[in-house]
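Shown below, as structure tokens, is a lone chain in the form predicted on its own; questions about how it binds or moves come after it.
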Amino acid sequence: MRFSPILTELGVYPFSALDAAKSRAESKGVELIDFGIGDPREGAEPFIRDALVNALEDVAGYPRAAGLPELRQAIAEWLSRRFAVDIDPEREIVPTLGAKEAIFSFAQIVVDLPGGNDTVIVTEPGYPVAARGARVAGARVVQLPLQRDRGHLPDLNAVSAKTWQRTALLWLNYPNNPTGACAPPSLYAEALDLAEQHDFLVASDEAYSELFFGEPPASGLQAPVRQRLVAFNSLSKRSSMTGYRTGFVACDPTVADALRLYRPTVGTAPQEFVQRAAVTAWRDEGHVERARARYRRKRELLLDVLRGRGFQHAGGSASMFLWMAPPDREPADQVALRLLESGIVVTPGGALGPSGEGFVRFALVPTEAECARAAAILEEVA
């Protein structure tokens, strides 16, 4: 049988390869503490689960792509409280099945083939879904490196005018996965100025906006002129609701109209009982503050141990990730393998892009008790 050559070109999804390595270790009897994938082990709080259960009905029909009005309103109110922006819940918000599917599919809406704007620019190291979705859409993908000496911010001046002219979409992700860096408002202003000059959209993946340990990160939605800004966010990290699959896109009405035209075809609206749980989560900040405090404790615990073992913290002050440079220039892949043999799962930075070589990523998702156990192991083997 024949399949799309793009599947062969994409290869194995990076975290599928990590799962295979974990399975091999477990088959040898190694008990794992998994810092590999950003999937929180400390789940959604009881009031969120109760809201979902209370919304269950005997018959659950197909959810509408536009989402419940109550959910769009709750998201708009949260954006107003958090970023002081005025977003029209009817015209500028589209609920999504988490952020991943929306990020993956967005290029299918904006890439113009053939002969038009056929290029999607992504940053690396980074979440691989934006680039993989662009390739499936038939786009040419250009990668912009994020370097430590630039604070993990892309050099937009390194892109030629010819490439900008072909660009349909520029992806930014701050707070950044995997580095934890935050972006200043000037980066969004620069990107949106280029977007206006060359007629493309700026997509801002802001899934980690609520996990921060310094000043609250900015949103691209706070730009003075945001017509070309498309923001993606979800409750996966903010409220530990990864398995619920609930997020949103906030954008100009013309982009929202395109999304509402596309999305009923692929059937990716969250179930209504999930949407009602999401309303409850967006309207509460107490549980987010508690989660942030937990992440801070885990972060400080692991940082103290890793620094004591010669690792350097090479990232920023936000997200659920620690971006670490191993001691003595030891290859990151070798470090990851050595730690795996001792039961500590981390992601080698090279799996997230060429500029990630030489680093390892810790996702602070195990429980506090597991992190304490991991710290004791790291004291011995790191």
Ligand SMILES: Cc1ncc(COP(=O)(O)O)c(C=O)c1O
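This structure is a prediction, so every number in the text was calculated from the model and none was measured. Note that residue numbering begins at 1 and tracks the sequence as displayed.
Just so you know, the form predicted together with the ligand exists too; it's not on screen, but the next bit is about it.
The closest non-hydrogen atom of S219 lies beyond 4.5 Å of the ligand in the model of the complex. Among heavy atoms of F311, none comes within 4.5 Å of the ligand in the model of the complex.
Within this chain, I87 is remote from the site of the ligand in the model of the complex, having no heavy atom within 4.5 Å. At the 4.5 Å threshold, heavy atoms of G180 stay clear of the ligand in the model of the complex, well away from it. Distance criterion of 4.5 Å from any heavy atom to the ligand in the model of the complex singles out Y127 from the list W282, Y127, F200, Y295.
Taking a 4.5 Å heavy atom cutoff to the ligand in the model of the complex, the contact residue among A207, A139, A74, L146 is A207. The stretch from 256-264, 235-243, 298-306, 181-189 that comes within 4.5 Å of the ligand in the model of the complex, counting heavy atoms only, is 235-243.
Residues from 84-105 that approach the ligand in the model of the complex with a non-hydrogen atom closer than or equal to 4.5 Å are G98, A99, K100, I103, in the order they occur in the chain.
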